[in-house]
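Only one chain is included here, represented as structure tokens and corresponding to the form predicted on its own.
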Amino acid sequence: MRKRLGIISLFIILFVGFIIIWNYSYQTGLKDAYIPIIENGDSNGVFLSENGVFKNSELALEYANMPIDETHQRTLETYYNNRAYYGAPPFIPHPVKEERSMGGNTCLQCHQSGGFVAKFDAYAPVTPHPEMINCRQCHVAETAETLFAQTAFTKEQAPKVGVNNALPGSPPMIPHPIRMRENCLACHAGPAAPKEIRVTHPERINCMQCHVPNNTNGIDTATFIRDNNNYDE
């Protein structure tokens, strides 16, 4: 009798377990598919998002049809000289309307959509992150042209134009982190864009479909490809 009850109990336990597992599997199958995001600490500061460029894409066709103003073009040299070091936020190269302001609308009046500012005889660069309104938390006025004390600090060399292709004829890779620079058009299109890096096709706003981040950690791209794929130039 006890043996019979034990077999019946075991059968009931297995049956209930089967029902629970089947129900879990069924409910899981009803959920939408998704791609899990894996945190990778060795990403070289790259944040893969193009949210900004899609939000600001309404200006793309205007940029594509806009004539080049030869008189007021920015160069890549002036673009880099306006930073303490490569990758640093640019200085504020002009007087600020409200000195004690954190930025916000004071800065975004010109830098949210760009345009020509007659007062400074220049085109205002477009910020790639207009949602971050505490501008002066990172962007400061340059108050001295020399260091207060001599240091051994050496500027990191900025990437050169035309040598960042993985293969001959391939689209150039992205040589810098994307975090806070999700709007590619801010630096690569429009009249305020440095002429050396101004893109010829701003209407193609899905930039990372062809241009991928360069995660070679500062190694020359051609050397990295050759050493890792036996690619002989």
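What you see is a predicted model; the values in this text were computed from it and never measured. Counting begins at 1, following the sequence as shown.
The form predicted in complex with a small molecule is left out here; the points below concern that form.
K.L.:
Are any of the heavy atoms in P191 no more than 4.5 Å from a heavy atom of the small molecule in the predicted complex?
P.N.:
Answer no; every heavy atom of P191 is more than 4.5 Å from the small molecule in the predicted complex.
K.L.:
With heavy atoms only and a cut-off of 4.5 Å, decide whether C210 touches the small molecule in the predicted complex.
P.N.:
Yes, C210 is a contact residue.
K.L.:
If we define contact as a non-hydrogen atom of the residue within 4.5 angstroms of the partner, is A166 a contact of the small molecule in the predicted complex?
P.N.:
Heavy-atom contact with the small molecule at 4.5 Å: absent for A166.
K.L.:
Please run the contact check for M173 against the small molecule in the predicted complex: heavy atoms, 4.5 angstroms, yes or no?
P.N.:
Result yes; M173 sits at the interface with the small molecule in the predicted complex.
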